[in-house]
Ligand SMILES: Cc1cc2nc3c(=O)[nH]c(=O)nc-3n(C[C@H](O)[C@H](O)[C@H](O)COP(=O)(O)OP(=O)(O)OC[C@H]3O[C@@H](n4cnc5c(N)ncnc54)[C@H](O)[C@@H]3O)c2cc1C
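We begin with a single chain expressed as structure tokens, specifically the form predicted alone.
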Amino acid sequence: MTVNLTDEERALRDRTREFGTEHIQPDAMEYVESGEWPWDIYEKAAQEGLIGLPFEAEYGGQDASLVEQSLVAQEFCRADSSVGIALHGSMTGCHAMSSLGTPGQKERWLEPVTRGEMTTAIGLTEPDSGSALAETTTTAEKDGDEYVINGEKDWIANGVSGDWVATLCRTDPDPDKPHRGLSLIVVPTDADGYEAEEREKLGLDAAEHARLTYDDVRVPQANLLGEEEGKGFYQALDWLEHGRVDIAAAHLGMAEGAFDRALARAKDREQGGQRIGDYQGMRWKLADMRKQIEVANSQVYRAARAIDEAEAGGEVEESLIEQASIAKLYATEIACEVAEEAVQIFGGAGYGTDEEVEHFYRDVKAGTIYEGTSEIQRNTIGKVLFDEL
């Protein structure tokens, strides 16, 4: 599949890139150093119409495609890896809400996100099960017209600052198969019994991840996402297909951001009486980085376009889950390689915390772990190859 951007898509990309240059890059290091969540930038992005693009127009969105959503994620993270992923992650619970929520749920929990008034989370990963969603142990038991939720989630983006978490719970304690009996339930973060502890981590300093504890958290049964219980596993997988392409686009942007800075350094830094970029070895290094980025770009938008076409009712030959996994696997792994080479091009300066490439290098690693590890992506691709998916 050849992927060419439309005029509207290119305009959105350019507008987001301009926003990144004007509003993300100048203040990014301040948020990286302080570890604060970038609320000011988030509110500005919402004012510019860059938050909540995929939602329905009646709830403040723009009915944007996955291609358009990916372009925004890419440019946010090209401007800065840490602040970019914080902005990108602000809507992690919204795909499930947009596709499954009732009009009342969307009005209450979706529309404020587009105005920059709320952020969200999705609670899937647990301390003992990681990417194995079928092994979810968090429970939601009915009591009158409420669910009583108990359990733990871990490494949840926006678990502290988010306003609500779409939480994967076991509503049937004795299903015939482990992946059945799971449901997505909206939990407001101000509910009694909900606690979130921010995690200390290697990178993504401006983007928060937390361990969540649900201790007899009570929410109305009306907070169930979808028309019936027991569909949460499949609902989560549907979100992951989108989420993996989103993450691929974000890490493509991180790779580009690291490359941009390395190329500028190679053009400006002089050593041995000439620019370091005039050495053949340095140009080969930059050429390889550029090659990896271009290949990743093609795969990310091939996957995004295929998903968009399938959701529009078109016939798509490719396996969507395979294309999403290839995009996520390749883009996140080359981002690590490109960021490492960017530090190498900066030399000793690149190892210092006052250079942006230092935190780009720390930030990219998370992409090979969250939204399904690289090993999970390889397993998924392998299952498709052997007709098991």
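All residue numbers are counted from 1 along the displayed sequence. It should be emphasised that the depicted structure is a prediction, and the values quoted were computed from it without experimental measurement.
One more form of this protein should be noted, the form predicted together with this ligand, which is absent from this view; the next part is about it.
Highlighted residues Y31, G84 and D205: none comes within 4.5 Å of this ligand in the predicted complex, counting any heavy atom. Checking A303, I122, A258, A250 against this ligand in the predicted complex, a heavy atom within 4.5 Å turns up for just one residue: I122. Contact with this ligand in the predicted complex, defined as a heavy atom within 4.5 Å, holds for exactly one of Q105, T189, S131, Q292, namely S131. Residue heavy atoms within 4.5 Å of this ligand in the predicted complex occur in exactly one stretch of 122-130, 307-315, 109-117, 222-230, and that stretch is 122-130. Of the heavy atoms in I376, some are within 4.5 Å of this ligand in the predicted complex. Heavy atoms of I24 never reach within 4.5 Å of this ligand in the predicted complex, leaving it off the interface. Taking non-hydrogen atoms only, I185 never approaches this ligand to within 4.5 angstroms in the predicted complex. The closest non-hydrogen atom of L12 lies beyond 4.5 Å of this ligand in the predicted complex. Contacts to this ligand in the predicted complex (heavy atom within 4.5 Å) from stretch 130-166: G130, S131, D154, W155, I156, A157.
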